[in-house]
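For this one, two forms of the same chain are given in C-alpha cells, first as structure 1 and then as structure 2.
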Structure 1
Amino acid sequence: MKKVLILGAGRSASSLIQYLLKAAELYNYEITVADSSVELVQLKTQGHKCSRPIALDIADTKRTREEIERTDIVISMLPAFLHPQIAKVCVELKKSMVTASYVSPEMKELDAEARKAGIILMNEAGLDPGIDHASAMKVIDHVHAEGGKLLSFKSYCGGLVAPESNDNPWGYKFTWAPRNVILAGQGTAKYIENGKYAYLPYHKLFTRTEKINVEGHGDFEAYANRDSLSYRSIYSIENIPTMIRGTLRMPYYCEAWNVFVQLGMTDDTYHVEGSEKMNWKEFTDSFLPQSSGDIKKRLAAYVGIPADGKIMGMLEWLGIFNEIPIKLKGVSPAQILQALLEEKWKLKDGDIDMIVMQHQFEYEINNKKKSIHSSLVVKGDDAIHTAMAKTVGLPIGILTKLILNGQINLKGVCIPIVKEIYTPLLKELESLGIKFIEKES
C-alpha cells in the first residue's frame, strides 16, 4: 500500500483530497490528511475508508518527522515559508514532495541533495504557478518544433467571482488567502516589451493596465506581476522581445484598488495607534491631509478621482466612510483593510467562483507572423469545491499520482515544464473539464 501525507486541509485542499481519495480506491493508497484542526480534516475526508485524518501541529517537529517517515510522498499545503523546512526532512528521509508554491532560494539549494536521495521535489504544481507552466510550454515546444521563432508571450490569470454570483461593484470575492490579495503587487514589476525593459514601482502598478478579451466571457483588465523576466530562461525563450505575466481582474477594479495604494492602506509595515478606538471613517480620514469639509470630496481631491463617479461608489459600497467601530488593536493598515474586505468579499452560500487564464503568443515561421490565444475558463461547483480549489488541487493530485505510479521519474527540484510532466498532466486535467481553447490566426 502506497501512503500519501497531505499537510494542511485549508481552502485549496478540498478538491485535492477528493481526487486522491478516489485514486486511493483504484491504486490502494492510504491518504493521511493532517491539520491543526482535526474537525476540518474530518469534514474534508467524510469518513472515507482510504483516509486517515489526524490532528498535527507542524511546530511539533518530532511528530511531523514521524508522519513523514511513515509515508511515501508528502504534499505540503502549508504556508510557503514552511515548505523548505518540510523539504529538508523529506530529503533526509528520502521521501518525495509536491507543493503548489514557487521555488524559493532555500528550496533550490536542496536540488543536489534531492537528486542524491533519489527523490523529486515537485514545486509550482498548482494553478499559477503550475497549470500556466504546463499549458504555456506545450505551445512553446510546438512552435519551436515547427521551426518558429517566438516574438511575444503574454500570460494572464485571475481568480474571480462567476458572473452569476457577481453581486458587488468590485466583481471580486475571496477564493484564496485574503492576505495575499491585500499585499499583491508590492515590490517592482519587471517585464520586457518590444525589446525595451520596463520597471514599474508598486505605487504606479495599478495605473498601467491592459484590456484582455476572452471570447465568450468579455473583457478583463490585467496588471503586471512582480517578475516576468525570470521566466525567459525557465521557458527557454531568453531572447524573446516581449515577455509579460499579469493578474486579471474585472474592469475598474485596478483603478479603485489604486486608491488604497495611494492612501497607504495596504501598508503592512507598522501598527496603527489607537485603531481599536477608531471607526472606519476615522481610519480613512487618518490618511488624508488635515482639513474640514466632506471626507468623500477631500479623498477624491487627494487621489484624483471624481467625487460622484464609479470609483467613489465602489469605495462607498465597502463602507470605508461608515462610523462603525473597527475594534482591532495592534494591527497594520493592511490588516484593518483585510478585515473589512473579508466581510464584504466573502463567498455566500450558493456563490461560485471562476478562474480565467489566457496565454497570448506571437511568432514568426516561414517569414509569416502568426498568433495563438490559449484560454481557460473554469467555474466552481460551490463555495467549498471552488474553481480555485479545483485548479490548484487537481494538478497537485494528478502529479502526486503520476510520481507514485512511476510515470514521472525525474529527480531533484522540478516544476511542470517538461513533456514527461506536462503531457499526462494536461491530458488528465482535460478529462476533468480543465481544458484550454486555442485560437490561431
Structure 2
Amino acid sequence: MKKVLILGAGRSASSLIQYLLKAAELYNYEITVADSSVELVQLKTQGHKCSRPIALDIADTKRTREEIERTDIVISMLPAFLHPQIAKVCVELKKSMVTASYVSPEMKELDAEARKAGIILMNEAGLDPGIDHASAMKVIDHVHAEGGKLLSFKSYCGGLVAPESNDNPWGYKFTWAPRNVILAGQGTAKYIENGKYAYLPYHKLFTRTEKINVEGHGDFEAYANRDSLSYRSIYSIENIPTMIRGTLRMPYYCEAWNVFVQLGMTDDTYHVEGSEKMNWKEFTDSFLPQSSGDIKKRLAAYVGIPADGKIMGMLEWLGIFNEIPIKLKGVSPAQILQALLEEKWKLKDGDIDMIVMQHQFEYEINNKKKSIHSSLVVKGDDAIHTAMAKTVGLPIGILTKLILNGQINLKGVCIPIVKEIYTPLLKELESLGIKFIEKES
C-alpha cells in the first residue's frame, strides 16, 4: 500500500483531498491529511476509509519528520516559505515531494541532492504556476516540432467571480487572498514586445491594459504582470520578440482600480495617523489636495475621470464617500482599503467562481504567419470545490498519482514543462473537465 502525506488542509486543499481519496480506492493508497486543526482535516476527509486524519504542528519537527518517514510522497500545501525545510527532510529520507509554489533559490539548491537521493521535488504544480506551464509548453513544443518559429507569446490568467454570481459593478469578488489583490502590480512590470523592452511603473500599469476575448465568454481586460521576461528562459524561447503575461479582470475594473493607485490608497508602506477617528470620506479626502467643494467632483478632477460616469459609480458603490467610521488603528492605506473590499467583494452563499486562462501564440512557418489561441474557462462546483481549488488542487493530485504509479520517473527539482509530465497531466485534467479549447488561424 502506497502512502501519501498531505501537509495542510486549508481552502485550496479540498479538491486535492477529494481527488486523492478517489484515486486511493482504485490504487490502494493511504492518504494522511495533517493540519494543526484536526477538525478541519476530519471535515475534508469525511471518515473516508483510505484517509488517516491527524493533527500535526509543523513546528514539531520531530513528529513531522516521523510522518515524512512513514510515507512515500509528501504534498506540501503549507505557506511557500516552509517548503525548503520540508524538502530538506524529504531529500534526507528519500521521499518525493509536490508543491504548487514557485521554485525558490533554496529549493533549486536541493536539485543535485534530490537526484542523488533518487527522488523528485515537483514544484509549480498548481494553476498559475502549473497548468499555465503545461498548456503553454504543449503548444510551444508542437510549433517547434512542426518547424515553426515563435514570434509572440501572450499569456493571461484571472481568478474571477462567475457571471451568474456577479451582482456588483466591478465584476469582481475575492476568490483568493485579498491582500495579494490589493497589492497586485506594485513594482515595475517588465515585458518585451516586437523586440523592444517595455517597463511599466505601477502608476501607469492599470492605464495600459489590453482587451482579451474568450469565445463564448466575452471580453476581459488584462494588465501586465511584473515579470514576463523570465518566462523566456523557463520555456526555452529566449529570442522570442514578444513575451507578455497578464492578469485578467472584467472591463472597467482596471480603470476604476487605477483611481486607487493614483490616489495612493494601495500604499502599504506606512500607517495612517488617526485612522481610528476617521470615516471613509475623510480617509478618501486625505489623498486629495485641500479645497472646499464636493468631494466627488474634486476627486474626479484630480484623477481625471468624469464626475458622474461609470467609474465614479463603481467608487460610490464601494462606499469610499460614506461617513461611516473606519474603526481601524495603526494600519496602512492598503489595509484600510482591504477591510472595505473584503466586506463588499465577499462571495455570497451559492456564489461560484471562475478561472479564465488564455495563451495567444503567433508563429511563422513556411513563410506564413499563423496563430493559436488556447483558452481555458473553469467554473466552481460550489463554495468548497471552487474553480480555484480545482485548478490548483487537481494538478497536484494528478502529478502525485503519476509519480506514485511510476508514470513520471524524473528526478531532482522539476516543474511541469516537459512532455513526460504535461502530456499525462493535461490528458487527465481534460477528463475532469479542465480542458483548453485551441483555435488556430
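Quick note, the numbers are simply positions in structure 1, starting from 1. In this text the structure is predicted, and so the values were computed from the model without any measurement. Here, rigid core means the biggest group of C-alpha atoms that superpose within 1.5 Å across both forms.
- Source of structure 1: the form predicted alone.
- Between rigid parts that reorient between structures 1 and 2, a hinge sits in the chain, and the option from Ala112, Tyr197, Gly350, Ala307 at that spot is Gly350.
- Two rigid parts move between structures 1 and 2, and the turn of the smaller against the larger, rounded to whole degrees, is 7°.
- For Ile326, the displacement of the CA atom between structures 1 and 2, after superposition on the rigid core, amounts to 4.3 Å.
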